[in-house]
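What follows are structure tokens for two forms of the same protein chain, given separately as structure 1 and structure 2.
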Structure 1
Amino acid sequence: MALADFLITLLTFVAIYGLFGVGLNVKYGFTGLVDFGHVAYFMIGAYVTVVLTMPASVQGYGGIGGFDLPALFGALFPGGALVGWFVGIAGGMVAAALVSLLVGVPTLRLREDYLAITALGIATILTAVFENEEWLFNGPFGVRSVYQPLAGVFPVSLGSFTLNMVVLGGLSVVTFLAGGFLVVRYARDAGGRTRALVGAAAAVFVLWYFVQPLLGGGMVELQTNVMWLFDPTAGPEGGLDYDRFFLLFATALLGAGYWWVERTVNSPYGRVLRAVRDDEDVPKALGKDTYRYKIQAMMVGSGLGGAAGALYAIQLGFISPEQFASTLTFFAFTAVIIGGTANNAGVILGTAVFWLINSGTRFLNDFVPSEFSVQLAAARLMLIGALLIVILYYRPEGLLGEQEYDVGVADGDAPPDRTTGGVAGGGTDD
């Protein structure tokens, strides 16, 4: 397996769990709600989307459903299948948000530690319900028929082999250049130690991804690595296969979620959320109904978690209740804390670091006898637990720290803010 394939799997994971983490960040990072039951909304989003897009009668499925939205919309107008899938994912998000509303109404008035334990309990009970009630979503047997949007179109070929290679390969090179540019710009603005850290990480990546195949004499592998979007074995002329397309698709959805959350937190609304987190009495004294804000943040975060669940179902092609254990919630918390609580870019970075540790150490499986695979998995999780504690101790703000916000507190007496060039009312409140 080429490194490019590993990178694609890893990045798809990062996109899916990044979206999951961004959802958690709305609750935990920006509003201060310790939702230890976040995985429940991931599960609900996955199940509802799969059932909404699944054909009506599927062998071996005895639960609710099969509403086959893609076929329904596909019959109406061209391209309707994709629209049908989007309606399905919207259904999953709405279902997740509604369940979180039901959960939130009684629990969000509780103290933060009580909220944590009740949320964990509710998620555990929901998983048990999905596991035991076969009439609901087929119980322990899960759902094997997952609709993959646009699956019939791939592999896409633009024409001849050379054209494919030039266009897709060129696009791949552009992504590397753009990524490199972003990293360099970040490192330039950052302080000395961060710069050294980023430089070291970049050097390791280059050595591992570009130089290591060269040393092995694998020119073909190097070519696959560089032109990661182009798969020469996909179809007669090569082209873009479904895995690569799905990575782009998941990244696009992550981008949409990121944009939505950024818009939310960079608004007066987001300022209230942060005020609820920092000291709930202050927004209350200013006449804000903080309980409503908390419920809304809970619903938004859960909806995003549901969207991530829908993507997860496509990537795996099979869902069953035991995949949605509470460890996923704890992984998301770890990712959020590594990257930087209340920092959306940080959450995605944290997810990348987390999955790099979690999947990147999988190559060790080749060197360790297979009977020790349980030990290896356990050692990995111990490492993650230790990392969580160490980060909380030495760098509680995470790798990136809390992000800066566009929206400031309107304050007539304050001197003009430097960063915004003295626009009235501008400024950052953190």
Structure 2
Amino acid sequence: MALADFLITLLTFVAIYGLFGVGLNVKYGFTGLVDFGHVAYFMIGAYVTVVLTMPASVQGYGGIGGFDLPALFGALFPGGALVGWFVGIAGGMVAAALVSLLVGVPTLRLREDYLAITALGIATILTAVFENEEWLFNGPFGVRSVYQPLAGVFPVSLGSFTLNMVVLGGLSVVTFLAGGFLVVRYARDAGGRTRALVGAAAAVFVLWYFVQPLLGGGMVELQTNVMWLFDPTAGPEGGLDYDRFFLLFATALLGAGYWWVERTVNSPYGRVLRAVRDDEDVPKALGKDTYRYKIQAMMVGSGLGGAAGALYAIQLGFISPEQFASTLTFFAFTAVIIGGTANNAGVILGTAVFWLINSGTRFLNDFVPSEFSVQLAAARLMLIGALLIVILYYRPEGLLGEQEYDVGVADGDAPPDRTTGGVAGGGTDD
């Protein structure tokens, strides 16, 4: 696999699991809910979206549906197929949120540790139901007919080979420049140890992605790596293939989820969520119905997990219950802890670090005899565990720590609001 193709696959997984992690962060990072069953909503979102968008009669499928919403909406107006797919995703998110409501009503009054154990048990039960009840979603045989939006449009060509290369290649260079700018800006504001760590990580990436192909005499591979958005084999004139489009699409959905959660946690509503996390008695004393806030946070986080599940189904093209093991929840917790609890950017960074190690170390298979592949897989998990221990030791708040919030007050001491006795610029909760 070329490095550019590996990077596209890696970034697509980061976008999907980043959205999954942002949903978990709403529960755990901002509200303090330890939900070890988060993967259940990932699974529900995937299954419901697939069933709502797949054709009615599929060979080898004996479960509920399909409802073929893209074909239904596509018959009503131009572009309706894409709208029907979005409706399918919305259906998956709503189903995940409703199931979390049913789970949350009896469990969110429990203490943190009891809540974690109960949520894990419920997720295990749901997975067992999906696996054993064939009438529901085809049981252990899974679903192989996964609708891929706009799949028939690709590859997309802008015209001649040169035009495709210039436009898509130029956009690729812009993404590297933008990424480099963000890294330099972050390193400039960081402390000495963090700056050195960021510099070392950037140097490793440059050596691996740019210098290594150059030293190997692979100018074509280097050009492919630099112009990663341009696929010269996509059609007679090259262009944009479906994998690259899906990466952009998944990143856009991650951006939308990120924006939505950022708006929420920086609002008066978000301040109540953080107060529930820090000391639930305080918002209770101020008259807040904390139980209702926890239920709502549970539903929002689960809905985002359901959307991530829908993307996951498209990426793989096949889903079955065994793909939704509880380890995915712990992978997401690991990413949250690595990047920084209660920091959405940190969650995405932590997801990237986790999957870079988990997927990038697979290249070691080329240098290790095949009879040691099982030991190598275990060693990769040990490497992730060791990284987690180091981060918890030196930066217990995560790589980015908890984010700063917009509390409606300018920097520095705000003058008291003499009309209300409060602080000028402060919002009114709820």
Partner chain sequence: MVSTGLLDALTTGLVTGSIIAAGALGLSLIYSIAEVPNFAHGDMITIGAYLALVFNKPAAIPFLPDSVPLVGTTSLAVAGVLAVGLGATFSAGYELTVFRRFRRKDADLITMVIVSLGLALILRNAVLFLAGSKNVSYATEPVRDVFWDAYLSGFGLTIQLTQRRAGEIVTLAQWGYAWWLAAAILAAAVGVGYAVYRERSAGEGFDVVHLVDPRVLGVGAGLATLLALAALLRFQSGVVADPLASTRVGTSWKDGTVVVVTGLAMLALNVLLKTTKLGKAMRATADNLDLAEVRGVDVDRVQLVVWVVAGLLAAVAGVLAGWSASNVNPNMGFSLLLPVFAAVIMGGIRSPYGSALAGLVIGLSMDLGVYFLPPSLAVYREAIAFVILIAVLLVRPEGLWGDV
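All figures in this text were calculated on a predicted structure; none of them were measured in a lab. Here, a residue number simply tells you its place in the sequence of structure 1, counted from 1. Each form is matched to the other, and the largest set of C-alpha atoms that superpose within 1.5 Å is called the rigid core.
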The form predicted together with the partner chain is shown as structure 1
Quiz item: Taking the rigid core as reference, does the Cα of F363 move 2 Å or more between the two structures?
Solution: no
The CA shift of V374 between the two structures, rigid core aligned, in angstrom, is 2.6
